[in-house]
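One chain comes next, on its own, written out as structure tokens in the form predicted on its own.
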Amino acid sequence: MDTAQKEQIAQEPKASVEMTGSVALLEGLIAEGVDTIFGYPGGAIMPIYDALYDYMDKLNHVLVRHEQGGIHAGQGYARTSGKVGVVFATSGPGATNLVTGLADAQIDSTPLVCITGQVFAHLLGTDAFQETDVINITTPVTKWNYQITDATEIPEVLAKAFYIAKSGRPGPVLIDITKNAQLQKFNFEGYVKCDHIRSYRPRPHVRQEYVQAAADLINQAKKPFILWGQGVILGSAEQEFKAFIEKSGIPSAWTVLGAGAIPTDHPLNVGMLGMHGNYGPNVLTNECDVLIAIGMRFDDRVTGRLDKYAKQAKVVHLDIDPAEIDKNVKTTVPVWGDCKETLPLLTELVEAKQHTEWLAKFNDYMRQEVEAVIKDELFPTSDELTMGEVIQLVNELTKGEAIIVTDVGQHQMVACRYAKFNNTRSNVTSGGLGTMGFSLPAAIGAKYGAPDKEVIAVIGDGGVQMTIQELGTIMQFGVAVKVLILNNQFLGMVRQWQQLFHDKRYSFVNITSPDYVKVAEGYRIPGQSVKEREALKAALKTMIEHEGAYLLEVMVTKENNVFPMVPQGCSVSEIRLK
């Protein structure tokens, strides 16, 4: 009997069994292949946790220290595993504490199914204890949400939730279940996975004439340029993408979330796009004749001023979400569809070429950037440590094989710029929302999603204090996450803007930190702090080679800025090296 037959039999309706809504929910999670849940119990979700007591051999539950930590952990798990992250929270403040993570997952297309408990149905609308209208609160930040008031709805709604979360352009889904529905008994007739919803078409029909038109533009181009985003990774189209760029010979640059789809050192990988991206990809965006965007949404941090963005270029846009076509940048040829399907069709039609002179221009701009910026960042001559040299040593010690989970700020841009990503799903960060506090809990989830990989949380001294309580989760569950705090004693990115654009009026960006090594020691996590270059490499080696969790604080220079930089309100060709 093959796998497909077994799966079909598993999904066939069975003889009905009386069970509570809570048990039916857990049975559905198992049928969906869920192995890990991140959550925090409370009154309104207590029946589900009571049922979970009998499922501890089948479902691994990770008790986080805050619901925001739980949903960021779910995001990290989804990003490294490619599966749907699952999160539990109670009603009221438990549910509202998920909102930031939902917004983050929505804008970064991360598949999640969040289950929240809710007060009894007869109390809805009465301002009962810990009641909030979670459906209306979360509607703008979810791909779909639904409130269940009757247990008989649970199997079908859960199946629909998983299908919506992971199909098409992925995203977060929330199911709110009233307490009576969790307790209610009904005749459970088996769990059937969802593979179709009327009027919902997650995979657009690919129109061959558009693929042909795109190929014609590319074949005629003298200076084509590829921009790729996370859509390549979400579509599991890394190999198809690699085949396309290698046949076409087109220089290719990545968005922050697209990093790792091909190795950093691939000869056609010309660097990072955006406000703190590489010099060449930004300047030459406004010189290319055909711009090919694949699985990216032309975010404002990538485009700068839209009225001065790639006006000379014909634009080919490959995306699974029709809403992204023409949203920000006018498209000449739209290629709707899953890029795992569209890229091979396009590759077949494009001519094999080598754009040697055009690629040389990117390499020339990179040499200028190395001389003006990168040399001093990675190999500083001052006594003070830089964030870049720390990341460079991480590359050396991990050989680019680690998963890097960053928070938000200067350290994030430095890590994304200089870390080596040899593998897909190895760069986990908060892209669109820019959520400080993301890294520590997301790294926990990332480790559960990729237990055989080294996971390093790179965090600033501001962001780490937002979710530092999740050290308790690391302690309790023995999560072997390496926590690397780059401490510049500032809210660094805000300080950089205040220096450059507000006459150094440093308004409330000085931040005092605790003794992180002692804090870690309180959570029974070993660690150390270094500020001397002579001690740095040995300290990083100790951190990486330690079998369990480890915290390393590195004191870096206080007022270093991240360059290149496209100032807000400028075009990408106005990028500054200093």
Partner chain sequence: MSTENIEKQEYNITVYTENQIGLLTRIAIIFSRRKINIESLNTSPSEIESIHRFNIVITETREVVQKVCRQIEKQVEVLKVYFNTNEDVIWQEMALYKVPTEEIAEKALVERLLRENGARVVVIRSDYTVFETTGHREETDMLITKLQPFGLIEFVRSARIAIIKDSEGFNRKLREFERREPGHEPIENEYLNKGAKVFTM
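Positions refer to the first chain, counted from 1. Given the structure is predicted, the values throughout are model-derived calculations rather than measurements.
Omitted here: the form predicted in complex with the partner chain. The next part is about that form.
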Contact label in the model of the complex: Arg305 to the partner chain, heavy atom within 4.5 Å: no
The partner chain contact in the model of the complex: Gly271, any heavy atom under 4.5 Å: no
4.5 Å heavy atom contact, Pro334 and the partner chain in the model of the complex: yes
Partner proximity in the model of the complex: Tyr146 to the partner chain, non-hydrogen atom cutoff 4.5 Å: yes
Location of the partner chain contact in the model of the complex, chosen stretch of 255 to 263, 193 to 201, 353 to 361, 113 to 121 [non-hydrogen atom, 4.5 Å]: 193 to 201
The unique member of Val408, Leu471, Ile164, Ala402 whose heavy atoms fall within 4.5 Å of the partner chain in the model of the complex: Ile164
Contact residue in the model of the complex, chosen from Glu396, Glu209, Glu371, Asp300 - any heavy atom within 4.5 Å of the partner chain: Glu209
Within 4.5 Å of the partner chain in the model of the complex: residues from 136 to 163 (heavy atom criterion): Asn136, Thr139, Pro140, Thr142, Lys143, Trp144, Asn145, Tyr146, Lys160
